[in-house]
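As a starting point, one isolated chain is supplied in C-alpha coordinates, in the form predicted on its own.
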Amino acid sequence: MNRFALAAVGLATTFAQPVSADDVKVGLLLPFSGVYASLGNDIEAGFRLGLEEFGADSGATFEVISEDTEVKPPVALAKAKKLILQDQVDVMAGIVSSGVLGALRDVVHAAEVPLIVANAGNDDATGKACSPWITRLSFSNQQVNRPMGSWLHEQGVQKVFTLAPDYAAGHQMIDGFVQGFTDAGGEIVGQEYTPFRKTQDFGPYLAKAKASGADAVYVFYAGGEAISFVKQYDSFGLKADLPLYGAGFLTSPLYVNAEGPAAVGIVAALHYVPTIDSDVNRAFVSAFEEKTGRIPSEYAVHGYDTARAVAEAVKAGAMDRASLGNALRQVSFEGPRGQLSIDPATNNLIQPIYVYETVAADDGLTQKVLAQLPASADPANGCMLSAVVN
(Lines give C-alpha, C1' and ligand atoms only; values in the text may rest on other atoms or scores of the structure.)
Protein backbone atom coordinates (compact mmCIF):
# COMPACT_ATOMS: atom_id res chain seq x y z
CA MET A 1 0.00 0.00 0.00
CA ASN A 2 1.42 3.43 -0.90
CA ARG A 3 1.96 6.36 1.49
CA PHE A 4 -1.22 8.14 0.43
CA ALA A 5 -3.30 5.00 0.85
CA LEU A 6 -2.02 4.66 4.41
CA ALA A 7 -2.94 8.27 5.09
CA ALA A 8 -6.39 7.63 3.67
CA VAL A 9 -6.90 4.75 6.09
CA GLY A 10 -6.36 7.07 9.01
CA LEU A 11 -8.62 9.75 7.63
CA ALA A 12 -11.45 7.61 6.29
CA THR A 13 -13.38 7.57 9.56
CA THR A 14 -12.79 11.25 10.23
CA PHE A 15 -14.16 12.38 6.89
CA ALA A 16 -16.84 9.74 6.27
CA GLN A 17 -19.76 12.12 6.33
CA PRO A 18 -23.35 10.90 5.83
CA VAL A 19 -25.20 11.88 2.68
CA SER A 20 -27.81 14.55 3.36
CA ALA A 21 -31.30 13.71 2.15
CA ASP A 22 -31.17 16.76 -0.06
CA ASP A 23 -27.52 17.00 -1.08
CA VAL A 24 -25.18 14.46 -2.69
CA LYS A 25 -21.64 15.45 -3.62
CA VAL A 26 -20.21 13.70 -6.67
CA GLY A 27 -16.57 14.02 -7.70
CA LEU A 28 -15.87 13.53 -11.40
CA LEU A 29 -12.31 12.44 -12.19
CA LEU A 30 -11.88 12.77 -15.95
CA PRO A 31 -9.31 13.96 -18.49
CA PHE A 32 -10.34 17.40 -19.74
CA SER A 33 -6.95 18.08 -21.34
CA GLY A 34 -4.50 15.99 -23.30
CA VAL A 35 -5.00 13.01 -25.60
CA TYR A 36 -8.24 11.77 -23.99
CA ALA A 37 -9.94 15.13 -23.51
CA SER A 38 -12.70 14.32 -26.02
CA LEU A 39 -13.52 11.15 -24.09
CA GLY A 40 -13.68 13.02 -20.79
CA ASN A 41 -15.92 15.70 -22.28
CA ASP A 42 -18.32 13.09 -23.68
CA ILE A 43 -18.51 11.23 -20.35
CA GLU A 44 -19.18 14.46 -18.45
CA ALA A 45 -21.85 15.54 -20.95
CA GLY A 46 -23.58 12.17 -20.60
CA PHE A 47 -23.33 12.31 -16.81
CA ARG A 48 -24.87 15.77 -16.53
CA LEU A 49 -27.68 14.78 -18.90
CA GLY A 50 -28.32 11.69 -16.77
CA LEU A 51 -28.53 13.77 -13.61
CA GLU A 52 -30.99 16.11 -15.28
CA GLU A 53 -33.22 13.17 -16.25
CA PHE A 54 -32.97 10.95 -13.17
CA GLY A 55 -31.65 13.09 -10.34
CA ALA A 56 -34.90 14.75 -9.32
CA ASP A 57 -36.68 11.41 -8.99
CA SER A 58 -34.12 10.31 -6.38
CA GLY A 59 -35.35 12.91 -3.90
CA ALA A 60 -31.91 14.53 -3.63
CA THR A 61 -30.05 17.42 -5.19
CA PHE A 62 -26.58 16.85 -6.59
CA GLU A 63 -23.42 18.90 -6.49
CA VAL A 64 -20.87 17.87 -9.12
CA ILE A 65 -17.18 18.73 -8.66
CA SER A 66 -15.13 18.01 -11.79
CA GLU A 67 -11.36 17.51 -11.70
CA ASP A 68 -8.94 17.03 -14.61
CA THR A 69 -6.77 13.92 -14.25
CA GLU A 70 -4.72 14.89 -17.33
CA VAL A 71 -4.35 11.08 -17.82
CA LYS A 72 -1.46 11.25 -15.33
CA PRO A 73 -1.58 8.93 -12.28
CA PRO A 74 0.22 11.40 -9.92
CA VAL A 75 -2.16 14.20 -10.92
CA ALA A 76 -5.16 11.90 -10.50
CA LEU A 77 -3.97 10.87 -7.03
CA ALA A 78 -3.73 14.50 -5.94
CA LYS A 79 -7.19 15.29 -7.35
CA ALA A 80 -8.69 12.22 -5.67
CA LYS A 81 -7.18 13.31 -2.34
CA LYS A 82 -8.77 16.73 -2.75
CA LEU A 83 -12.18 15.25 -3.56
CA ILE A 84 -12.08 12.79 -0.65
CA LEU A 85 -10.56 14.93 2.08
CA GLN A 86 -11.24 18.55 1.20
CA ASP A 87 -14.48 18.37 -0.76
CA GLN A 88 -15.74 15.35 1.20
CA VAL A 89 -17.57 13.86 -1.77
CA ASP A 90 -20.01 11.04 -1.18
CA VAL A 91 -19.11 9.18 -4.38
CA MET A 92 -16.54 9.52 -7.16
CA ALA A 93 -16.96 8.63 -10.83
CA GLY A 94 -15.01 8.75 -14.05
CA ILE A 95 -11.52 7.39 -14.83
CA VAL A 96 -10.71 6.96 -18.51
CA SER A 97 -7.21 5.47 -18.27
CA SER A 98 -6.61 1.99 -16.86
CA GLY A 99 -3.25 3.27 -15.61
CA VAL A 100 -4.99 5.95 -13.57
CA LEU A 101 -7.47 3.40 -12.24
CA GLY A 102 -4.64 1.14 -11.13
CA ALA A 103 -2.95 4.03 -9.33
CA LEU A 104 -6.17 4.98 -7.50
CA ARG A 105 -7.32 1.51 -6.52
CA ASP A 106 -5.60 1.26 -3.10
CA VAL A 107 -6.46 4.86 -2.21
CA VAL A 108 -10.16 4.39 -2.93
CA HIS A 109 -10.23 1.06 -1.13
CA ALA A 110 -8.50 2.43 1.96
CA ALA A 111 -10.51 5.66 2.12
CA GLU A 112 -13.77 3.68 1.71
CA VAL A 113 -15.29 6.02 -0.86
CA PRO A 114 -17.43 4.49 -3.64
CA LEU A 115 -15.89 4.85 -7.11
CA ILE A 116 -17.86 4.21 -10.29
CA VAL A 117 -15.60 3.44 -13.24
CA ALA A 118 -17.12 5.18 -16.25
CA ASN A 119 -14.60 4.00 -18.80
CA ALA A 120 -11.31 2.25 -17.90
CA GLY A 121 -11.63 -1.38 -19.00
CA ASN A 122 -8.71 -2.99 -17.19
CA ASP A 123 -9.83 -6.54 -16.37
CA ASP A 124 -7.93 -6.57 -13.07
CA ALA A 125 -10.12 -3.82 -11.59
CA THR A 126 -13.01 -6.29 -11.46
CA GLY A 127 -10.70 -9.29 -11.22
CA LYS A 128 -7.73 -9.90 -8.96
CA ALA A 129 -7.59 -6.22 -7.86
CA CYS A 130 -11.33 -5.84 -7.23
CA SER A 131 -12.71 -3.86 -4.31
CA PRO A 132 -16.23 -3.62 -2.82
CA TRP A 133 -15.82 0.15 -3.19
CA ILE A 134 -15.26 0.02 -6.99
CA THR A 135 -18.17 -0.63 -9.37
CA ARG A 136 -17.86 -0.57 -13.15
CA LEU A 137 -20.55 0.99 -15.36
CA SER A 138 -18.57 0.86 -18.62
CA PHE A 139 -17.02 -2.41 -19.87
CA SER A 140 -14.13 -4.77 -19.26
CA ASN A 141 -11.60 -5.41 -21.98
CA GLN A 142 -12.30 -9.12 -22.30
CA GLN A 143 -16.08 -8.57 -22.16
CA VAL A 144 -16.13 -6.65 -25.44
CA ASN A 145 -13.91 -9.08 -27.34
CA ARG A 146 -14.50 -12.61 -26.06
CA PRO A 147 -17.99 -13.06 -27.59
CA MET A 148 -16.77 -11.56 -30.86
CA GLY A 149 -14.31 -14.45 -31.16
CA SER A 150 -17.01 -17.10 -31.18
CA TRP A 151 -19.31 -15.01 -33.41
CA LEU A 152 -16.58 -14.50 -36.01
CA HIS A 153 -15.87 -18.22 -36.17
CA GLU A 154 -19.58 -18.86 -36.66
CA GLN A 155 -19.41 -16.65 -39.76
CA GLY A 156 -16.94 -19.07 -41.33
CA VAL A 157 -13.67 -17.32 -40.47
CA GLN A 158 -11.10 -20.00 -39.62
CA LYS A 159 -7.76 -18.17 -39.41
CA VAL A 160 -7.09 -14.72 -37.93
CA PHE A 161 -4.08 -12.41 -37.59
CA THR A 162 -4.27 -9.99 -34.62
CA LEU A 163 -2.81 -6.54 -34.02
CA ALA A 164 -2.96 -4.17 -31.04
CA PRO A 165 -0.82 -1.57 -29.24
CA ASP A 166 1.69 -2.99 -26.79
CA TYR A 167 0.21 -2.08 -23.40
CA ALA A 168 -2.11 -3.70 -20.88
CA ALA A 169 -5.40 -2.89 -22.61
CA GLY A 170 -4.08 -4.04 -25.98
CA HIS A 171 -3.06 -7.41 -24.59
CA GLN A 172 -6.29 -7.87 -22.60
CA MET A 173 -8.48 -6.99 -25.58
CA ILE A 174 -6.69 -9.44 -27.86
CA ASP A 175 -6.51 -12.15 -25.18
CA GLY A 176 -10.29 -11.97 -24.79
CA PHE A 177 -10.84 -12.33 -28.54
CA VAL A 178 -8.31 -15.16 -28.86
CA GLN A 179 -10.00 -17.09 -26.05
CA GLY A 180 -13.41 -16.87 -27.70
CA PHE A 181 -12.07 -17.61 -31.19
CA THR A 182 -9.87 -20.58 -30.32
CA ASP A 183 -12.47 -22.08 -27.96
CA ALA A 184 -14.82 -22.07 -30.95
CA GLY A 185 -12.24 -23.89 -33.09
CA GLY A 186 -10.45 -21.01 -34.81
CA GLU A 187 -6.70 -20.63 -35.36
CA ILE A 188 -4.52 -17.59 -34.67
CA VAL A 189 -1.88 -17.52 -37.41
CA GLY A 190 0.02 -14.48 -36.19
CA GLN A 191 0.08 -11.75 -33.53
CA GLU A 192 1.85 -8.42 -33.41
CA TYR A 193 1.88 -5.66 -30.78
CA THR A 194 2.84 -2.21 -32.02
CA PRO A 195 4.66 0.38 -29.85
CA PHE A 196 1.91 2.31 -28.02
CA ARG A 197 1.47 5.89 -29.24
CA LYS A 198 4.73 5.64 -31.18
CA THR A 199 3.75 3.76 -34.33
CA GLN A 200 3.40 6.05 -37.32
CA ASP A 201 3.80 3.46 -40.08
CA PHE A 202 1.73 0.27 -39.82
CA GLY A 203 2.97 -0.95 -43.22
CA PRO A 204 5.44 -3.57 -41.93
CA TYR A 205 2.78 -5.09 -39.69
CA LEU A 206 0.19 -5.10 -42.46
CA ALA A 207 2.67 -6.87 -44.74
CA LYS A 208 3.03 -9.62 -42.11
CA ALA A 209 -0.76 -9.92 -41.88
CA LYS A 210 -1.06 -10.22 -45.67
CA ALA A 211 1.59 -12.95 -45.79
CA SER A 212 0.18 -14.90 -42.82
CA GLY A 213 -2.48 -16.88 -44.67
CA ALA A 214 -5.20 -15.41 -42.45
CA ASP A 215 -8.84 -15.15 -43.51
CA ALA A 216 -9.21 -11.88 -41.59
CA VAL A 217 -7.45 -9.40 -39.31
CA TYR A 218 -8.74 -8.57 -35.81
CA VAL A 219 -7.43 -5.50 -34.01
CA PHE A 220 -7.83 -3.17 -31.08
CA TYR A 221 -6.93 0.48 -31.62
CA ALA A 222 -8.57 3.62 -30.25
CA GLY A 223 -8.38 7.38 -30.66
CA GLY A 224 -5.67 8.77 -32.91
CA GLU A 225 -4.12 5.35 -33.43
CA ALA A 226 -7.45 3.99 -34.67
CA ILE A 227 -7.76 6.80 -37.21
CA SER A 228 -4.23 6.22 -38.51
CA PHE A 229 -4.61 2.44 -38.62
CA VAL A 230 -7.95 2.44 -40.44
CA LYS A 231 -6.68 4.87 -43.07
CA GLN A 232 -3.47 2.93 -43.64
CA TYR A 233 -5.29 -0.41 -43.82
CA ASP A 234 -7.47 1.03 -46.56
CA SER A 235 -4.60 2.63 -48.46
CA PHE A 236 -2.64 -0.64 -48.26
CA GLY A 237 -5.45 -2.24 -50.31
CA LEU A 238 -6.18 -5.09 -47.89
CA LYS A 239 -9.91 -4.74 -47.23
CA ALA A 240 -11.11 -6.58 -50.32
CA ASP A 241 -9.13 -9.78 -49.67
CA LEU A 242 -8.45 -9.56 -45.93
CA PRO A 243 -11.52 -8.20 -44.07
CA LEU A 244 -10.88 -6.06 -40.99
CA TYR A 245 -12.64 -6.77 -37.69
CA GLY A 246 -12.03 -5.40 -34.23
CA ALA A 247 -13.11 -4.05 -30.88
CA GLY A 248 -15.61 -1.30 -31.65
CA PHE A 249 -13.36 1.49 -30.38
CA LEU A 250 -11.72 1.13 -33.79
CA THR A 251 -14.64 2.94 -35.43
CA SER A 252 -16.15 4.77 -32.46
CA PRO A 253 -18.87 7.31 -33.32
CA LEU A 254 -16.67 9.85 -31.52
CA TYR A 255 -14.10 9.91 -34.32
CA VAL A 256 -15.31 7.69 -37.18
CA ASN A 257 -15.94 10.72 -39.38
CA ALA A 258 -12.22 11.52 -39.16
CA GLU A 259 -11.57 8.08 -40.66
CA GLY A 260 -13.91 8.80 -43.54
CA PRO A 261 -14.61 6.28 -46.31
CA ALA A 262 -11.74 4.08 -45.08
CA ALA A 263 -13.98 2.97 -42.21
CA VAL A 264 -16.79 1.70 -44.45
CA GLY A 265 -17.21 -2.08 -44.28
CA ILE A 266 -15.30 -2.60 -41.03
CA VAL A 267 -17.18 -4.95 -38.66
CA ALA A 268 -16.61 -4.53 -34.94
CA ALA A 269 -18.02 -5.42 -31.52
CA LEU A 270 -18.99 -2.94 -28.84
CA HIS A 271 -21.36 -2.55 -25.91
CA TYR A 272 -23.03 0.53 -27.41
CA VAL A 273 -23.71 2.17 -30.75
CA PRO A 274 -26.17 5.03 -31.26
CA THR A 275 -28.24 3.00 -33.75
CA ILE A 276 -29.44 0.39 -31.24
CA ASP A 277 -33.13 -0.14 -32.02
CA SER A 278 -34.97 0.62 -28.77
CA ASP A 279 -37.21 3.38 -27.48
CA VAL A 280 -34.85 4.03 -24.55
CA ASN A 281 -31.88 4.51 -26.86
CA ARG A 282 -33.76 6.69 -29.34
CA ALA A 283 -34.83 8.98 -26.49
CA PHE A 284 -31.24 9.17 -25.21
CA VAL A 285 -29.79 9.92 -28.64
CA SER A 286 -32.36 12.65 -29.22
CA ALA A 287 -31.78 14.26 -25.82
CA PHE A 288 -27.99 14.11 -26.10
CA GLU A 289 -27.98 15.51 -29.63
CA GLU A 290 -30.30 18.34 -28.58
CA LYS A 291 -28.06 19.14 -25.61
CA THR A 292 -24.66 18.90 -27.35
CA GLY A 293 -25.25 19.06 -31.09
CA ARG A 294 -23.56 15.69 -31.64
CA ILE A 295 -24.41 12.00 -31.68
CA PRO A 296 -23.55 10.17 -28.44
CA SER A 297 -20.60 7.81 -28.32
CA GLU A 298 -20.04 4.84 -26.04
CA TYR A 299 -18.25 7.27 -23.71
CA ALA A 300 -21.35 9.47 -23.45
CA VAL A 301 -23.51 6.49 -22.51
CA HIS A 302 -21.00 5.52 -19.80
CA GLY A 303 -21.56 8.89 -18.15
CA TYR A 304 -25.31 8.80 -18.64
CA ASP A 305 -25.72 5.35 -17.07
CA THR A 306 -23.32 6.26 -14.26
CA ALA A 307 -25.52 9.20 -13.32
CA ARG A 308 -28.58 6.98 -13.35
CA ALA A 309 -26.84 4.42 -11.15
CA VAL A 310 -26.04 7.11 -8.58
CA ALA A 311 -29.64 8.37 -8.69
CA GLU A 312 -31.02 4.83 -8.34
CA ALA A 313 -28.76 4.14 -5.36
CA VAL A 314 -29.91 7.32 -3.58
CA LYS A 315 -33.52 6.57 -4.46
CA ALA A 316 -33.12 3.14 -2.83
CA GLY A 317 -32.26 4.86 0.45
CA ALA A 318 -28.47 5.08 0.44
CA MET A 319 -27.53 7.70 3.03
CA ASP A 320 -23.74 7.50 3.40
CA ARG A 321 -20.65 6.23 1.61
CA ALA A 322 -21.09 2.65 2.81
CA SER A 323 -24.76 2.39 1.88
CA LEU A 324 -24.02 4.05 -1.47
CA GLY A 325 -21.31 1.47 -2.09
CA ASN A 326 -23.69 -1.38 -1.31
CA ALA A 327 -26.59 0.11 -3.30
CA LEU A 328 -24.48 0.69 -6.40
CA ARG A 329 -23.69 -3.02 -6.53
CA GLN A 330 -27.40 -3.79 -6.74
CA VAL A 331 -28.55 -1.38 -9.43
CA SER A 332 -30.33 -2.84 -12.44
CA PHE A 333 -32.19 -1.00 -15.18
CA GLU A 334 -32.81 -0.78 -18.91
CA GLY A 335 -30.54 1.86 -20.40
CA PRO A 336 -29.65 2.86 -23.96
CA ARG A 337 -27.41 -0.22 -24.18
CA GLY A 338 -30.16 -2.60 -23.06
CA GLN A 339 -30.71 -4.35 -19.75
CA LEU A 340 -27.88 -3.65 -17.30
CA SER A 341 -27.00 -5.23 -13.97
CA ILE A 342 -23.96 -5.57 -11.72
CA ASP A 343 -22.33 -8.96 -11.22
CA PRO A 344 -22.19 -9.41 -7.40
CA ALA A 345 -19.10 -11.61 -7.76
CA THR A 346 -16.96 -8.89 -9.36
CA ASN A 347 -18.80 -5.52 -9.38
CA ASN A 348 -18.45 -5.59 -13.18
CA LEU A 349 -21.31 -4.58 -15.45
CA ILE A 350 -23.28 -7.30 -17.24
CA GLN A 351 -24.54 -6.01 -20.60
CA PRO A 352 -25.22 -7.13 -24.18
CA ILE A 353 -22.53 -6.76 -26.86
CA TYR A 354 -23.39 -5.55 -30.39
CA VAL A 355 -21.71 -6.51 -33.65
CA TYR A 356 -21.96 -3.66 -36.12
CA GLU A 357 -20.73 -2.59 -39.53
CA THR A 358 -19.77 0.97 -40.41
CA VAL A 359 -21.79 2.02 -43.45
CA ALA A 360 -22.24 5.17 -45.50
CA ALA A 361 -25.54 7.02 -45.17
CA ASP A 362 -26.92 10.17 -46.78
CA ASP A 363 -25.75 12.31 -43.86
CA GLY A 364 -22.40 10.60 -43.21
CA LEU A 365 -21.15 7.39 -41.64
CA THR A 366 -23.36 5.36 -39.35
CA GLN A 367 -23.53 1.97 -37.63
CA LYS A 368 -25.57 -0.98 -38.93
CA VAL A 369 -26.19 -3.47 -36.12
CA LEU A 370 -25.63 -7.02 -37.40
CA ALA A 371 -26.14 -9.00 -34.19
CA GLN A 372 -26.80 -8.65 -30.48
CA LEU A 373 -24.67 -11.10 -28.51
CA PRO A 374 -25.98 -12.41 -25.18
CA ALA A 375 -24.91 -10.67 -22.00
CA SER A 376 -22.61 -12.77 -19.83
CA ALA A 377 -20.56 -12.26 -16.69
CA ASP A 378 -16.78 -12.21 -16.79
CA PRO A 379 -14.92 -14.92 -14.88
CA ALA A 380 -14.02 -13.80 -11.36
CA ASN A 381 -10.30 -14.03 -12.17
CA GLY A 382 -9.29 -14.00 -8.52
CA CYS A 383 -11.87 -11.46 -7.31
CA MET A 384 -13.22 -12.15 -3.83
CA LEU A 385 -15.75 -9.54 -2.73
CA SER A 386 -17.54 -9.00 0.53
CA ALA A 387 -20.21 -6.43 1.28
CA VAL A 388 -19.17 -2.91 2.13
CA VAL A 389 -18.96 -2.61 5.91
CA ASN A 390 -20.19 0.46 7.79
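Computed from a predicted model, the values in this text were never measured in an experiment. We number the residues from 1 along the sequence you see.
Form predicted in complex with benzoic acid: not shown, discussed below.
Only one of the listed residues (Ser252, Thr162, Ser97, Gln143) places a non-hydrogen atom within 4.5 angstroms of benzoic acid in the predicted complex, and that residue is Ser97. Proximity to benzoic acid in the predicted complex, defined as a heavy atom within 4.5 Å, singles out one entry of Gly246, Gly121, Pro296, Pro114, which is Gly121. In the predicted complex, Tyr354 stays away from benzoic acid, with no heavy atom inside 4.5 Å. Interface membership of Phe284, defined by any non-hydrogen atom within 4.5 Å of benzoic acid in the predicted complex, is ruled out. Interface residue remark: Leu39 is counted as part of the site for benzoic acid in the predicted complex, having a heavy atom within 4.5 Å. Proximity of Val217 to benzoic acid in the predicted complex falls outside the 4.5 Å heavy atom cutoff.
Heavy atoms within 4.5 Å of benzoic acid in the predicted complex are found in one stretch of 147-155, 166-174, 103-111, 228-236, which is 166-174.
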